[in-house]
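One chain follows as structure tokens, the form predicted on its own.
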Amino acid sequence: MSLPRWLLLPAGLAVAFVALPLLGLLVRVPFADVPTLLSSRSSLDALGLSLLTCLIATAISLLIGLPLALVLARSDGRLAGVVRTLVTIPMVLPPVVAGLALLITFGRRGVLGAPLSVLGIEVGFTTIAVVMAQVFVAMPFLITSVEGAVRASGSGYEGAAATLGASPTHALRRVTIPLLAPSIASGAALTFARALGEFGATITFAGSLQGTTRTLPLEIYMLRELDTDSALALSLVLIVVAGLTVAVTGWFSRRTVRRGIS
């Protein structure tokens, strides 16, 4: 089915609105000086910390978010609706509010943080706080992505596996997960990218301590006026990593779909 040609105009405007700021940033990046700018101790610390915490946050999101997505997709009723709403809220909250909620709960004087502090366990303003902030704001993207895919695929394949004697766990491992692999990969990529760009919740809950809690977005924020060239170089790194994440995920999804069709 062909689309009306007039759709090309608003579609082109949407592309321009997204692409022009990125192109404007790329035009200003001093590419010749990028290796030198990225070799500073603070930049390397921020880059290493961001990659490490984002990988951990993505792994945690897969570990606990994927089961929740599967449960929500196969559940109806008021309780499931309440849980679904709770999961969605971090996606629309201002990041600073998300960080404040984490701080009030897990900070040194927080509802749960105070008892933990008595036991000698500090959460706020540590690397653990960075990971928690990233999981809080990024995991909902994985959950909503996978839940939608599960609902769209239906339960016919699992039902067929059950009639053949497969246990629920066996059907999940051999049928459901492979079937959802493209959606899981896309959700994980969104989670990683969202965690990589997280700023507000991190600075509110974890602060900005070099080598401990200062991730790439925080380092860029610190450098935006003091050293614009370094800030642009780090911004380029974020764009490249995000672009590679999306590209690899798209390639994996297309390959999985083609393999399934063949």
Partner chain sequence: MTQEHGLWARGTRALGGMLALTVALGGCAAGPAASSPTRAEKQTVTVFAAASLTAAFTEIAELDPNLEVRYTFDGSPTLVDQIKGGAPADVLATADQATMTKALDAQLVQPDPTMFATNVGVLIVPQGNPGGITGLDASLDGKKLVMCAPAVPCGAVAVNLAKEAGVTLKPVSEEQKVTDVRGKVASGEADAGIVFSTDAKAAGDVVETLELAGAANHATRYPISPVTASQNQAAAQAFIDLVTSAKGRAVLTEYGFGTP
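Residue numbers count along the first chain shown, from 1. Since the structure is predicted, the reported quantities are computational estimates derived from the model, not experimental observations.
Heads up, the form predicted in complex with its partner chain isn't pictured, but that's what we're talking about next.
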So in the model of the complex, does M222 come within 4.5 Å of its partner chain, heavy atom to heavy atom? yes
Would you please decide whether R151 lies within 4.5 angstroms of its partner chain in the model of the complex, comparing each non-hydrogen atom pair? no
How about T204: is it within 4.5 Å of its partner chain in the model of the complex, going by heavy atoms? yes
In the model of the complex, does V146 have a heavy atom within 4.5 Å of its partner chain? no
Within 4.5 Å of its partner chain in the model of the complex: all of L103, F125 and S208, by heavy atom? yes
Have a look at 137-145, 86-94, 107-115, 70-78 and name the one stretch with heavy atoms inside 4.5 Å of its partner chain in the model of the complex. 107-115
